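One protein chain, two forms: both are listed below as structure tokens, the first as structure 1 and the second as structure 2.
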Structure 1
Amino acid sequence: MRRTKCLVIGAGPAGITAGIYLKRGGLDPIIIDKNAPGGQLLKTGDIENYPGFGVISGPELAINMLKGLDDLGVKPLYDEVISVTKNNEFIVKTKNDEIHAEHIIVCTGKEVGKLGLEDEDKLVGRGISYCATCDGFFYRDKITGVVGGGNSAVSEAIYLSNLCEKVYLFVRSDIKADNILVSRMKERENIIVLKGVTIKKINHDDTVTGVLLNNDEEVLLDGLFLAIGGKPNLSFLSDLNLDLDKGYIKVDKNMESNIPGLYAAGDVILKDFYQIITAANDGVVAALDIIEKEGD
């Protein structure tokens, strides 16, 4: 059993930043993540809007952020939180341990969005992917498709256009990506944008062979990349009477939930903008509020 003033669940941009501020504020946080530290940064290609770096890849930015923790002697734990209960303090059960904490900051991000189609799950790794920078290499000189219309989807399509013979972008309504990304995409002659379409069936044998659209058009593909957002998986908090809105944690200006001592930051909270820099900001605000309360 471990004990800490503050447990940070999730080691993406929000969790890493919260950990840095907590440690510098005189607390000794425990940071835990069921995956490799870095969160969605590890699956992100070039980032061009994070101050101070110009153009930097997601994994590189993750390494830079983690260095801030490492320099302070904080090393994230690799473990998965199973449940959280609260008496006078939070009791957090993980796969390998039990942690008692006075404060918690939840920074677990979103799970990938799915189409909800037949055979979708069994085709992951056999033609369906959620990360172009991870799996794009396997589709060199082949035909791929990307589902989505936001920054992530357009960025995935641009990345794949450097590798693939042809890339389809399937957009349900309008493209909502930043203008600079849309302009860059339009320069790629091998990106074909299909707007106002949804996928109603994934064609396959052992691997993906194509998709059938809602207009009954069939598109032949070797691979399909999904970039359609998603929602937080907060099942480990089901024992708490947490106030949610559309599946996201509702927080106040200090990132504190309706449960005193339980904070949330980044993609798990209900807010208008989901960006790396806003996730980091959320982590700072939560950490500083905890530090202030501990100092009272």
Structure 2
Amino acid sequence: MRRTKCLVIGAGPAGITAGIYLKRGGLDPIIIDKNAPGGQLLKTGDIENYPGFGVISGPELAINMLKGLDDLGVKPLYDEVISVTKNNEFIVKTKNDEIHAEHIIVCTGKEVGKLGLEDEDKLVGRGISYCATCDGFFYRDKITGVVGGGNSAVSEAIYLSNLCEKVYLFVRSDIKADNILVSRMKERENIIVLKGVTIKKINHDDTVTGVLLNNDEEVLLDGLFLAIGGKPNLSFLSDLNLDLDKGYIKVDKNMESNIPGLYAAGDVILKDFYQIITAANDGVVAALDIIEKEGD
């Protein structure tokens, strides 16, 4: 059994940044990750929107971030958190251990929603993307498609319409986005909404060339953005009465949830923008709030 003032669960951009601030603030955090540390960065190609590096590959950025932790003598543990309960302190069961912590920062990210089609995984970064803010710039003046009918899909389509010649929105049934977003989308003449369609096949050579729809119509595309229900990794928190909204953890301005001492940062929380830099920001805010409370 281990004991710590602060346990950080997940070593992606949010968790690594929180770890750096906690350590430099005088706390000795434990950071734990079920995979190699780095989070989504390890699965990302070129990143062009993280300041300070120009263009950098995801894994390289992860190595740079981890060096910050390493230089402070913090080494993430390789283990998976299975459950969290709370008495006076948090009791965290992992696959191999039990950790007692006064504070927790949950930084476990989210799984992206997939279509489950042939070659989908191998085309990520070669025409398939899960993030218009991240990759839209690569499709300037090109033709793109967005799959989905919720707020994320409509927001992605609007974002892309500023860059692309034409944007198709492929919606399985009805659009479920907020009215304000739908009205904004309707003002964009280069967004074409196709309702009642699903994608049967992704056409490609080295990169995406188009899609085949369930009605056998073929649409030529340079890029396909998937916005179909990403899911935060939170199953290990099911014993707690945590306030969620749309499946994401609700936090206050200090990144603290409705459970005192349980903070969350990055892609697991409900927020408007899911980016590396916003994840890092959330990690900083959570860490500094914990440091401030420890000093009281």
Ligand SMILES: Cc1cc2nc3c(=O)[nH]c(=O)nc-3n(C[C@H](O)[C@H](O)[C@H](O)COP(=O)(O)OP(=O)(O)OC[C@H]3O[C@@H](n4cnc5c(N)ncnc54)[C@H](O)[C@@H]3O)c2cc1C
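For clarity, a rigid core is taken as the largest C-alpha set superposing within 1.5 Å between two forms. Counting starts at 1 and follows the sequence of structure 1. Since this is a predicted model, take the numbers as computed values, not measurements.
> Of the two forms I pasted, which one is the form predicted together with the ligand: 1 or 2?
Structure 2, which is the form predicted together with the ligand, differs in this respect from structure 1.
> Could you tell me which of Lys67, Ala36, Gly229, Gly247 sits at the hinge, given that one rigid part rotates relative to another between structure 1 and structure 2?
That would be Gly229, the one at the hinge.
> How much does the lesser of the two rigid parts rotate between structure 1 and structure 2, stated in °?
The smaller domain rotates by 61 degrees relative to the larger one between structure 1 and structure 2.
> Please report, in Å, how much the Cα atom of Asn214 moves between structure 1 and structure 2 when the rigid core is superposed.
Comparing the two forms, Asn214 shifts 2.4 Å at C-alpha.
> Could the core-superposed CA displacement of Asp205 between structure 1 and structure 2 be given in angstrom, to one decimal?
Superposing on the rigid core gives a C-alpha shift of 19.6 Å for Asp205.
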